[in-house]
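Listed next as structure tokens: two forms of one protein chain, kept apart as structure 1 and structure 2.
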Structure 1
């Protein structure tokens, strides 16, 4: 179990690092999907199979699909500005320093209070479901409403509104 965890965590980290450094958006998205699968594996090894499967189905399956569709639809895979300035090392220094500082601070705060890592028990989906519909019923319903709001919002924002162009611009305007 330990080995599995370590391998999948390494995969996840490397895949994420690759995802953010690609020039091509589709490549980056594919790396991201790999990273998500790695995280899912990590979750399985620590005894949360329900979460692991959910991650694969919803996160990697649905959300990433949305991303890929959008990128393909709008032809955003390669964009000109990125090539010019992004790949230089200069642009990466400051965020990396900042990230390193943040990481260091977080490490310090975690490692100052060592915690007991004893038992490990697999938590079944049945337990999660029971909890969701008893104690967390209200938040679940609200989450549903949130999704509804998101759907309505996305629809509204994505509408094509009819634009009244000057009659001389009618033919030259391409949408």
Structure 2
């Protein structure tokens, strides 16, 4: 088995474990992004560069940004003092080390096989689009509806309720 594949898979597993064990939602999302990058490098090292790029664009890009916006909208932060203590430089050291390992794996895979002549079968973006909107149209539409329902649910959970009191009731509460 390819050493670069094993290194990428170990980084993905470690980052996934760190994402599960973090108490801060933003830190968990950071480790989840590193984990998705590790999975993308695994796909790249086994000879699926287009799937690796789709992994980065769709999962690490779009869906993770949706998660970050949801966390920001729900405002799950703790006190400002705890937030300052939890967002120091030491928070970023371990994800940066894992990212540097993945960057090294990427450079080594480029140097070891720059032409990718050993690929058995490659799939083009046209083939992916054709399959996505013909054979897999229903799952794509269901995924879109589920993401829309998740956004509406997150908005509903994160909204603040205003107490609408009659002007006469407001005066009696103050006294």
Partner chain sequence: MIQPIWLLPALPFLGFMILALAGKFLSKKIIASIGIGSVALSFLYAIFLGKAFLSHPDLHLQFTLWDWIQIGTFNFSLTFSIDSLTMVFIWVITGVGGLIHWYSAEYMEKEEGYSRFFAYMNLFVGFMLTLVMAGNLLVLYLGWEGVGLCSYLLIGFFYRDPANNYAARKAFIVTRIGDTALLIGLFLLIREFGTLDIATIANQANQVLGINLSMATIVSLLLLGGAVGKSAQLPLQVWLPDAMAGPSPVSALIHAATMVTAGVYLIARTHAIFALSPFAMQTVAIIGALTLLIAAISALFQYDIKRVLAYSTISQIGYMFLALGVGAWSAAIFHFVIHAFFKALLFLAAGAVIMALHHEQNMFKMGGLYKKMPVVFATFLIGSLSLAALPFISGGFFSKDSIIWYAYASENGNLLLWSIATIGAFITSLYTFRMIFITFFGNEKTHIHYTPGKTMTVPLIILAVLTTAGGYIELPHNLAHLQLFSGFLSSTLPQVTLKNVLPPEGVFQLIVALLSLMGIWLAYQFYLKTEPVYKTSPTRQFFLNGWNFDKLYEKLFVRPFVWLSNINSSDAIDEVFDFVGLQIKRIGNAIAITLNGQIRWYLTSMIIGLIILILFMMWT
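Keep in mind that what you see is a predicted model, and the values were worked out from it rather than measured. Under this definition, the rigid core comprises the largest set of C-alpha atoms superposing within 1.5 Å between the forms. Residue numbers count along the first chain shown, from 1.
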| item | value |
| --- | --- |
| Index of the chain form predicted in complex with its partner chain, chosen from the pair | 1 |
| Threshold 2 Å Cα movement between the two structures at residue 148, rigid core reference | yes |
| Core-superposed comparison between the two structures, residue 46 Cα displacement 2 Å or beyond | no |
| Rigid core superposition, residue 64 Cα moves 2 angstroms or more between the two structures | no |
| Core-aligned Cα shift of residue 100 between the two structures, given in Å | 30.1 |
| Core-fitted comparison between the two structures - CA shift at residue 133, Å | 7.8 |
